[in-house]
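Heads up, the chain below is alone and in the form predicted on its own; it's given as structure tokens.
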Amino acid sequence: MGSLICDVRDQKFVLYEILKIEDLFKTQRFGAYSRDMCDMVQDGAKKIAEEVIFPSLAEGDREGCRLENGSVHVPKCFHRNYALFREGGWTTISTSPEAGGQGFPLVIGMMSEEWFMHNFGLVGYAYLTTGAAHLIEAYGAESQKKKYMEKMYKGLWGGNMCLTEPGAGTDLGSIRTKAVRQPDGTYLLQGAKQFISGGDQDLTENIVSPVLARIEGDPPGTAGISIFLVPKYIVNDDGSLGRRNDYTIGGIEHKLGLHGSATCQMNFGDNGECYAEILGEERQGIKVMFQLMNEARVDVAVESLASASIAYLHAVAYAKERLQGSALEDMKNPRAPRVPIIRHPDVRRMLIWMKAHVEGIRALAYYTAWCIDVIHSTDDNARKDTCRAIMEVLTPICKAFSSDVAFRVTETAIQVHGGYGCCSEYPVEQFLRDVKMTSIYEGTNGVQALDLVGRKLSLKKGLYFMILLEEIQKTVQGCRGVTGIKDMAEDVQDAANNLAEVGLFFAS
């Protein structure tokens, strides 16, 4: 029996037959890697997903997080599993070797994430930390890299991203958190943040939060925003931990799903002593933040894929075992044997719809990650520009389409299970609850639509969008003469023509 978490065969098909990632191993950046090494990553991810990550899904959901004496306690079962996950180096598969990672192509990191992200309540703490550490790698001073980044990449310290404020939501220009410059070059923060995933936890000895704030006296709007590093415990010059920083956890949200993920309200500087260090340059906070946001939006697509994939595979397994009714050809025979529901046309229709969409969002997410790998590895400037254009346009699509479709897939998995699908003895109801958040955080899907229409379609005066259409056209042309898919090629061409008309409408 195959895995009930991911489709190993389709993962390999997308990686090696569609994307032909072995070509990446001919480049200088990825020349030390091979298909055998990538298959080893896949085998290892499968093993820890089946033995560690999935078994703690329901227990973590039932126990949830709790706030006691100002500190968040995550589900007990997470502690051992987080340690195993961290020790295996699973969060730094694609992190550069110079920063202590394994340096695999991003698309291989995405492949491994697909095995784990169905339990985002657990692994989210690790991946949020990696995202914050990556910001420090890209924009931090050498002293900050030494002080924070190394331990964050190792998973010894945690991390998150503090953007949203009460009443402001995604309107970052309205944030009111204030930073006051100190004589020694550090800052003191005052303000509040809300809906902060992983804002606090008891898995690591320290947590480093990148926080958006406005330096006192800087202009209103997004142009006046800077970004700061705020440690839970101040780090002494010798690397040891000093005093508890001046911020508190005002509460944790009690949510529809993701009960193991602590979503925190955070209050900075109630006593006027919240220590902070600027990350990068003053008034460049939005630029720095968007690096993390764009990475996170592709990660959300993979999280959505993981929930959709596991929901589909559980639905298939259930449909093969659940006996109900007779076969369609025997429906008038009262003595006909009961058959598995997968024999019924309506169930088969649902399953094939799920399968097509899961495989579609897998190809979309992996392709977007592969474009990023090509950008970082090719010496061909024209190819680099093409992949950058496609990546820019696809990022909001990747996030929004994948999360919307994943919710529908999990909903359909419940439908396949019938009444049992609404009961907690089967995991599909949790898949639906957990995946719903993916269409909301990292910018709601309405915000993704605004990003696509307001920014991405007009990039380089529409050139990026046209490059994507050209790539679609090349694929259509290559399929028109292939027996068995000619009609599908024409359907894709019609869709591409409609897409072009939409682009022209917004450009006019």
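We number the residues from 1 along the sequence you see. All of these numbers come straight from a predicted model, not from anything done at the bench.
Here the subject shifts to the form predicted in complex with a small molecule, a form of this protein not shown in this document.
Heavy atoms within 4.5 Å of the small molecule in the predicted complex are found in exactly one of 71-79, 85-93, 342-350, 196-204, that being 196-204. Within this chain, Q415 is remote from the site of the small molecule in the predicted complex, having no heavy atom within 4.5 Å.
Among residues of the shown chain, K255 is one whose heavy atoms approach the small molecule to within 4.5 Å in the predicted complex.
Although the partner is absent here, T263 is a contact residue: one of its heavy atoms lies within 4.5 angstroms of the small molecule in the predicted complex. Under a 4.5 angstroms non-hydrogen atom cutoff, the small molecule in the predicted complex lacks F30 among its neighbouring residues. For the candidate set C162, M117, V208, A179, a heavy atom within 4.5 Å of the small molecule in the predicted complex is found for exactly one residue, namely C162. Proximity to the small molecule in the predicted complex, defined as a heavy atom within 4.5 Å, holds among G446, G478, G454, P55 only for G446.
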